[in-house]
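First, one chain by itself: the form predicted alone, in structure tokens.
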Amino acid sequence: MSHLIIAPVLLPLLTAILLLLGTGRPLRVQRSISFVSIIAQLGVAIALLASAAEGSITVYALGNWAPPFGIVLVLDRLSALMVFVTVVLAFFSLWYAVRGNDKPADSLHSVLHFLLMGVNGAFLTGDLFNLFVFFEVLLISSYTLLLHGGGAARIKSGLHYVLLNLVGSSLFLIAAALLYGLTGTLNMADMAEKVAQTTADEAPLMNAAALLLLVVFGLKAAMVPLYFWLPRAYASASAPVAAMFCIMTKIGIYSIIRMYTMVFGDTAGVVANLAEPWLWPLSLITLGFGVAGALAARELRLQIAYLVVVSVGTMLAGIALNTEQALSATMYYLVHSTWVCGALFLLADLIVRQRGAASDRIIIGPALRQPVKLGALFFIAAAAVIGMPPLSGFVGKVMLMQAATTDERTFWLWFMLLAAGFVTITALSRSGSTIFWRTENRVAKAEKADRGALLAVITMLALSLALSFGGNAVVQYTDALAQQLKNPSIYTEAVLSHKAIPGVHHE
């Protein structure tokens, strides 16, 4: 286990390099390498999740430099769950891609593994600067993935995506520099202890740095008013890329949870919980803009992209409640929304391929070749994302509503979640009935859905049922995760008490 924590970073890195070196080799060779690697990563992620579930926090000092001076990777319940969710999503995205949806494969497989390296590294790193570095790795990879397959729409949306994220990266550097100037450290655990000692004179500058960081993470998470890059970017990406991008907003959510529960949380002295007054209204506005966008969308993939924005607003509301119960509910909902939205993007691709010129526009078009099969899957996916029983969305929303019983925010959360559910039902009913029911009296000339790709979607949707019927074990894990988050001293003590291994030279 001692070196296993670095495997989620090294395995995709080595796979990406191997695939780059093998550029030009037969497609089946590249697919085999990519798929074998993701299966190995899945095994590692399960092992790390099992280790973290025991409650221990594993610290891995790169080069044997002890914190706070060296670079550390830290495995706790939060980072282990995020890595597991990421790798599961990547597994199904690759499964769908290798069924003939990955051309040109030279650019997809290698870059997808670079993206995995960046995402896993961001979840595991224990210091702010390396969080920035892994952000850059995953962003550069995502720029390339967004353009995979070419096309004017992808280039246009990709340009907006690149420019906004460049601005975000600049702000991240400024915020990190300010925090380093104020605390003298970039190690998150060490920073948490230094921030708690902030004096009243230092508080305004500390507030400015922390809120600047919130803007950066809000941009990554697609929080209002920084969400407008997401819908077109996700809607124009190829299906396996769009599915994989469902984890990208969760990186912003993860960063907000990590920084604003540990560094600027309850124990941060004069700057404690400074993000909370901003997160609460912005989360509800994000939720409102998301459902309005889903209702107004005229294309199926754009509608699904707005549903990602809805999920962001829901999770931010849970974070803003700032209780163990709410954080547990938020993490459960995060797992559900990541996988279900990923499945929806893949399913939308199967539907669009059978609609001929109508493509993903929500207009009356030709009947699908497999209306019953695809319609049933669309109904299940819609029910899951809306939050209808017995699927995981229902469980997540009920957990969140039960968590909001302590103050006047209860009414607003219940109102927004129930209203969002009703509007989402209306939006998805419109698209579902138009695509599957109100069709022209002809069938489009199209091939039936590939069985392997169809099975990937079915299995992914089955995860929603698994999250419901195996919910007790999942909730036990998220409850323990939330308890660990609300006691940041466990994390800081584990990191700062880590010693270099005697007799091992620094490298």
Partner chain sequence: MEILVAVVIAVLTSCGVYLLLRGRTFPIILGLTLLTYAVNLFIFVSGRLNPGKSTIIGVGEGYTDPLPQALVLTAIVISFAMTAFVMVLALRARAELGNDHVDGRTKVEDVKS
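These numbers were taken from a predicted model, which means no experiment stands behind them. Numbering follows the first chain given and starts at 1.
Same protein, other form: the form predicted together with its partner chain, not shown, and the subject of what follows.
Undergrad: Go through 229, 91, 278, 129 and name the one with a heavy atom inside 4.5 Å of its partner chain in the predicted bound form.
TA: After the contact test, the surviving option is 129.
Undergrad: Among the candidate residues 159, 211, 376, 401, which is the single one with a non-hydrogen atom no more than 4.5 Å from its partner chain in the predicted bound form?
TA: Only one option qualifies, and that one is 159.
Undergrad: Have a look at 139-147, 332-340, 234-242, 317-325 and name the one stretch with heavy atoms inside 4.5 Å of its partner chain in the predicted bound form.
TA: That would be 139-147.
Undergrad: Its partner chain in the predicted bound form: within 4.5 Å of a heavy atom of each of 7, 10 and 57?
TA: Checking in the predicted bound form: none of 7, 10 and 57 is within 4.5 Å of its partner chain.
Undergrad: According to a 4.5 angstroms non-hydrogen atom cut-off, is residue 163 in contact with its partner chain in the predicted bound form?
TA: So residue 163 counts as contacting its partner chain.
Undergrad: I'd like to check something about residue 173: if you look in the predicted bound form, is any of its heavy atoms closer than or equal to 4.5 Å to a heavy atom of its partner chain?
TA: Looking in the predicted bound form, residue contacts with its partner chain include residue 173, since a heavy atom lies within 4.5 Å.
Undergrad: Could you confirm whether residue 180 comes within 4.5 Å of its partner chain in the predicted bound form, counting heavy atoms only?
TA: Yes, contact at 4.5 Å.
Undergrad: Whether residue 152 contacts its partner chain in the predicted bound form should be assessed with a 4.5 Å heavy atom distance threshold; does it?
TA: Residue 152: yes, in contact with its partner chain in the predicted bound form.
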